[in-house]
Structures are given as structure tokens and as C-alpha cells.
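Below, in C-alpha cells: the form predicted alone, a single chain.
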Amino acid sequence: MVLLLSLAAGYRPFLDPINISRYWFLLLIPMAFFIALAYKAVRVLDTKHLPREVLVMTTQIVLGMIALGLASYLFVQHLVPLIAPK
């Protein structure tokens, strides 16, 4: 019990962040969901359509980020070497 309290007391969220460097990309989905929820909560006229609108916008955000990542990869790996050869 004392060991648990000492471990919890030593954790400082902003100074000792949780190491999730292997799974950082999975945070895109909840972040996109909450952004879509906040935006659509203000913009949708009828709240009956809110869940569908939020899901559509979440999907659009995630697919857009994947497309931007792919475009950046293609640009850096294939186009930049053609422009500035070694």
C-alpha cells in the first residue's frame, strides 16, 4: 500500500509524461472525434442528426490526415531528391 502511494505521489503529469511514443497515432481518432463533436454541436440545427454528422466529420478528419501524411511522404521521399540531388 505504501509503495502504491509513493509511486502515485511521484508522478508529475507535465514533467514526467507517459511514454506512448509507439502508439501516438492512435490519439488521432479521439482527438478528431472531440473536435468534430464540438464543431457540430454548435453548427447542427437539429440535434437528431448530431451523431451521424459527428461520425462523418470524424471520418473526414482521419482520412484527410492520412492523405496529408501520404502526400508529405511522397513529396519528401520522391520529389525532393529530384529537385535537389546530392
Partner chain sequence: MDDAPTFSPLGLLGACLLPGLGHALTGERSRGLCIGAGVLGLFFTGLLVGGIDTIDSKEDRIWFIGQALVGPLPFGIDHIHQTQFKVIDPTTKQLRSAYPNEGRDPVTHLAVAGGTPPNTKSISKMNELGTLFSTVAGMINFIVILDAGFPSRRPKGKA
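Between two forms, the rigid core is the largest collection of C-alphas that superpose within 1.5 Å. Numbering follows the first chain given and starts at 1. What you are looking at is a predicted structure, and each value in this text was computed from that prediction instead of being measured.
Quick note: we don't show the form predicted in complex with the partner chain, though the next part is all about it.
Participant: May I ask you to state whether R12 is within 4.5 Å of the partner chain in the predicted bound form, using heavy atom distances?
Facilitator: Output for R12 is yes: heavy atoms within 4.5 Å of the partner chain.
Participant: If we define contact as a non-hydrogen atom of the residue within 4.5 angstroms of the partner, is V56 a contact of the partner chain in the predicted bound form?
Facilitator: Flag for V56 set to no.
Participant: With a 4.5 Å heavy atom cut-off, would you call Y73 a contact of the partner chain in the predicted bound form?
Facilitator: No - in the predicted bound form, heavy atoms of Y73 and the partner chain never come within 4.5 Å of each other.
Participant: Would you please decide whether G64 lies within 4.5 angstroms of the partner chain in the predicted bound form, comparing each non-hydrogen atom pair?
Facilitator: Judged by the heavy-atom cut-off of 4.5 Å, G64 is well away from the partner chain in the predicted bound form.
Participant: Check each residue of 20 to 39 against the partner chain in the predicted bound form and list those with a heavy atom within 4.5 Å, in sequence order.
Facilitator: Contacting residues: I20, S21, W24, L27, P30, M31, F34, I35, L37, A38, Y39.
Participant: P17: CA shift of at least 2 Å between this form and the one not shown after core fit?
Facilitator: P17: C-alpha displaced by 2 Å or more between this form and the one not shown.
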